[in-house]
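This document opens with one chain alone, in structure tokens, the form predicted on its own.
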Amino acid sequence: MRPDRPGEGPALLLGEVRTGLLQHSVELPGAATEKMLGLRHGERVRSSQRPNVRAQSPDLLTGVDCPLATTSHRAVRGVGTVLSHAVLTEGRVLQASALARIAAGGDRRRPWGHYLAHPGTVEVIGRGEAAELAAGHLAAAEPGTGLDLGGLTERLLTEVQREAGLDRRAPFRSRRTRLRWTAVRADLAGEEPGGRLTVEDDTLRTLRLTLESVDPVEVAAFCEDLALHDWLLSTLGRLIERSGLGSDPGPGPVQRLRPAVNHLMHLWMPGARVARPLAPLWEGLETRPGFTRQWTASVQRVRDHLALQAVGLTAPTVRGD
């Protein structure tokens, strides 16, 4: 990799976001949230009330010295530090987010003091181009080898959930989801700016961003917003599937859909905190696959069913038709 040049911004960012339901029976109030996210003594939890309630822990610093995945399987070593933090939205949805800025290093490892002076930066020792390092990160098979941002976010999520103030009685069952992402400067990728989201399996999504300029804070915030809404859409879909809606004519589906109404439906607010330069990426996702279109259709289905139950027009009452 060639060194970053002044005014150009980082050539490459690697990141991962894990999203799940807070293991607590009710929405966590503000004071308890600050205590739970106060992960560094003396540093404040950042919070805001509009357009929704969101709190973010101070950044944590983790030292790494490990191989970096490449699609060419070339031996590339990365040394430096990774930034991570936890985010709680509306006292209900918890996320852990990790970010590493990849930069050119020398041909040998330097003293730790050098890396600590550049928080959130991992320097490359050896030959490795931005595009192949990005592709290697997205294709990384499993945790435990290389730059394991997934393992780091999983540990952070678990650590926060162990906070003594949580009663560990979540109002419904849900799965954690993972968003593994990269952001490469367009001039190095040789491509037009844009993004490509891929649903790899039930819980893993990958996102490849190509941007004119790469701002680490703005890109991480965009990815956390996308991960939050992908989790909401996936979780609502599973609740509907498990409810028996469409097959069970009795009151069972209403009982089983109650958590969706009480805890999820008011959380949908895509792009509300995304920086203006990245807003077109959300507009692209709204066109295809159509996040809000899918969400609106699912919510309307739930509300229609609740309305039918309320006026007694469900299957048992119309069986003579």
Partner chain sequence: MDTTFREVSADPRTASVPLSHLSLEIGHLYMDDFMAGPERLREQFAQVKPWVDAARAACPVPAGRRPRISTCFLIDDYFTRFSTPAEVVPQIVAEAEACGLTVDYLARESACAEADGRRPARLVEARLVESPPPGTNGSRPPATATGWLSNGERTPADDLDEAMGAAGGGWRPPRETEAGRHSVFLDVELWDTRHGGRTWSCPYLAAVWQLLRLGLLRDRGQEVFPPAPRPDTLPDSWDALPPLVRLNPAADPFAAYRTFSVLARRFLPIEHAVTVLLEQWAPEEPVLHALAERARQEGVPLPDALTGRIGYLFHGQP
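Positions refer to the first chain, counted from 1. As the structure is a computational prediction, the values presented were derived from the model and not from experiment.
If you look for the form predicted in complex with its partner chain, you will not find it shown, but the lines that follow are about it.
- For the residues Thr292, Ser47, Asn262, Gln255, the 4.5 Å heavy atom test against its partner chain in the model of the complex is passed only by Ser47.
- Arg155 is the sole member of Arg155, Arg242, Arg196, Arg173 with a non-hydrogen atom lying within 4.5 angstroms of its partner chain in the model of the complex.
- For the chain shown alone, Asp148 is a contact residue for its partner chain in the model of the complex, at least one non-hydrogen atom being within 4.5 angstroms.
- In the model of the complex, none of the heavy atoms of Ala164 sits within 4.5 Å of a heavy atom of its partner chain.
- Interface membership of Glu286, defined by any non-hydrogen atom within 4.5 Å of its partner chain in the model of the complex, is ruled out.
- Remark: Leu116 counts among the residues lining its partner chain in the model of the complex, judged by a heavy atom distance of 4.5 Å or less.
- Annotated contact segment (heavy atom within 4.5 Å of its partner chain in the model of the complex): 65-73, selected among 292-300, 277-285, 25-33, 65-73.
- Along 12-42, residues Glu34, Arg40, His41, Gly42 each place a heavy atom within 4.5 Å of its partner chain in the model of the complex.
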